[in-house]
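Quick heads-up: it's one chain on its own, the form predicted alone, in C-alpha cells.
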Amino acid sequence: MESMSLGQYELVYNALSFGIAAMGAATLFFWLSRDTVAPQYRAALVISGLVTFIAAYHYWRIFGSWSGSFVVDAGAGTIALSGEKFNDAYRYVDWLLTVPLLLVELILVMGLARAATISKSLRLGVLAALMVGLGYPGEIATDAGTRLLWGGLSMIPFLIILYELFFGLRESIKNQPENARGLVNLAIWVTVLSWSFYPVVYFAPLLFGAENANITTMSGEAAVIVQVGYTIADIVAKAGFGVLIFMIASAKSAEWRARNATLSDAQPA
C-alpha cells in the first residue's frame, strides 16, 4: 500500500461515488417507467429496479468502507491506512442477490410459458448463486494457488450459464416479436461480455504480485484495477442491462398493443 498515490485513492473514491449515483438513478428510472409497459412485462422492470437498488445500497457501504480505511492529508498530498479494515465482501453479498435476479429479469421479459419461466429462472438463478459463492473463497484467499483454484471452480457454472444463454434460449429468441428480437440478442451479448470482464478483474491482483484483493497487501495499481474494474462491470451489467430490459419491454408492449387494437377493430360492432 506504500505505492498507492493520492490520485489513485481519489480515482477509486470517485468511481464508487459514481456507482452510487448510477445505480440510484437507474432504480428511479426503472420503477417510474413501470406503468409505461404492458402489464405482463412490469415484473421485469420491478426486478431491474430492485437489482440497482440493492447495488446502490452496497456501493454506499463500499464507499464508506473505502473512505474509512484511509487517512488522507490533502495538503501534504499523502495517504496512509487508517487501521480500519476495508470490507470488500459487500460486493459478494450484492452479487449473491443481484446476479440471479439479472437472469430472472431477462427470462421474465422474454414472456415464456409459465413452466419454462419457472424452470429456467430456477436453473439459471442457482447456477449464478453457485458461481458467486465459489468465487468468494478465492477472493479472500491468502495464496495465489487457492485464488486460482476457487476462481477456476467458479468458471464452471459461469460457462454453463453462457451455454444456456446462447443455446438454451435459441428457440425462445426466435419466437420473440421481430421488433424485439435484436434487442433480446443484444441483452444476451451484454450479459456475456460484461460478465466476462469480472474474471479478468478477479485474477488481476496476481499480475501485480498480490495474492488476494486485500488493500493492505496489493499495490495501488492493483487496487485501482480491482475497484474501478468491478464498478464499471457492475454499472454495465446492472444499470445498462436494465435499460435494455426496458427497451425490450417497451418494444414488446408496442407490438402487444398494436395486435390488440387490430383484434378490437376486427370485431363486429
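Bear in mind the structure is a predicted one, so any value in this text is a computation, not a measurement. Position 1 is the first residue in the sequence shown; the rest follow in order.
The form predicted together with another copy of the chain exists for this protein as well; it is not shown, and the discussion that follows is about that form.
Heavy atoms within 4.5 Å of another copy of the chain in the predicted complex map, among the stretches 86-94, 127-135, 185-193, 164-172, onto 86-94 alone. When contacts are defined as a non-hydrogen atom within 4.5 Å, none of 144, 153 and 158 contacts another copy of the chain in the predicted complex. Although the partner is absent here, residue 31 is a contact residue: one of its heavy atoms lies within 4.5 angstroms of another copy of the chain in the predicted complex. In the predicted complex, at least one heavy atom of residue 58 sits within 4.5 Å of a heavy atom of another copy of the chain. At a distance threshold of 4.5 angstroms between non-hydrogen atoms, residue 66 is out of contact with another copy of the chain in the predicted complex. Contact check for residue 206: no non-hydrogen atom falls within 4.5 Å of another copy of the chain in the predicted complex.
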